[in-house]
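Just the one chain here, the form predicted alone, laid out as structure tokens.
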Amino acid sequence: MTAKIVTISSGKGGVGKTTTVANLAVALASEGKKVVCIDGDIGLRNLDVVMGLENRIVYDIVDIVEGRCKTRQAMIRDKRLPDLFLIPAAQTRDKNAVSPSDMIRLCDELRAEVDWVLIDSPAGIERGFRNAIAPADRVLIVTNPEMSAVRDADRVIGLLEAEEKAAPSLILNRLNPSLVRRGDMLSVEDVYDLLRIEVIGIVPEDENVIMASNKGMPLTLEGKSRAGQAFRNIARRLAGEQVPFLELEAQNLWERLARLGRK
């Protein structure tokens, strides 16, 4: 195995980044891939709660870095998917407890063991962000269709360019087509025109997301939710498949985005 390291980031908190990590991890593991999630938000860990693993933490990422445990000892196996693991963040330390070189060493160790490593980056552009992007082969930026979130996403794109990372891809989360039609929410085209990066996924607004996160049961574990289907589609695109976008409106979004990409 040679794992692909994917960091999921955002400029603004509260856009659904951690939920995205959990759902993509479940989707990839459901397809028979071995997946490790790393919670990079040291001091404010939440990925364990969204994945329903908060009661099983013994060691965390700082314990690995400081030599108190081996990497495998800190990897919590998911209760439902045997090939899905979590390395949790430390809750009582700050982001300076881990360095970019620490993250690179950890991910290099995991590369030979798994298919995918998904890193949940803290929101913003400080030390935690730099830790999270250091080992990344690819970065996904999560944003909502609102100006403040898009502006912060643009800032992250600029920092990735400065770090000479490959061009990131965008996940547009919580899109509400009815608000877009009324002109009360940015459209896919609006966001693309502002950011000009590949759109890898569009996730519709879905109240089930919050309920699933509160229960520690990512939506991709069940097949009824349109948001869950959107996350499964993003995972397939990450793996290299050509998957049409969900038809959230009458016009096919795949065709619209293909036209946007030619502009």
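Values in this document were obtained by computation on a predicted structure and should not be read as measured data. All residue numbers refer to positions in the sequence shown, first residue = 1.
The same protein also exists as the form predicted together with a small molecule; that form is not shown, yet it is the one meant from here on.
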**Item:** 35, 209, 61, 27 - the one with a heavy atom within 4.5 Å of the small molecule in the predicted complex
**Value:** 209
**Asked** Which of 105, 174, 138, 127 has a heavy atom within 4.5 Å of the small molecule in the predicted complex?
**Response** 174
**Prompt:** Is residue 203 close enough to touch the small molecule in the predicted complex, meaning at least one heavy atom pair within 4.5 Å?
**Reply:** yes
**Message:** At 4.5 Å between heavy atoms, is residue 244 in contact with the small molecule in the predicted complex?
**Reply:** no
**Asked** Do residue 229 and the small molecule come within 4.5 Å of each other in the predicted complex, heavy atoms counted?
**Response** no
**Contact test in the predicted complex: residue 233 vs the small molecule, heavy atoms, 4.5 Å** = no
**Asked** Which one of these stretches, 51-59, 66-74, 210-218, 192-200, sits within 4.5 Å of the small molecule in the predicted complex when only heavy atoms are counted?
**Response** 210-218
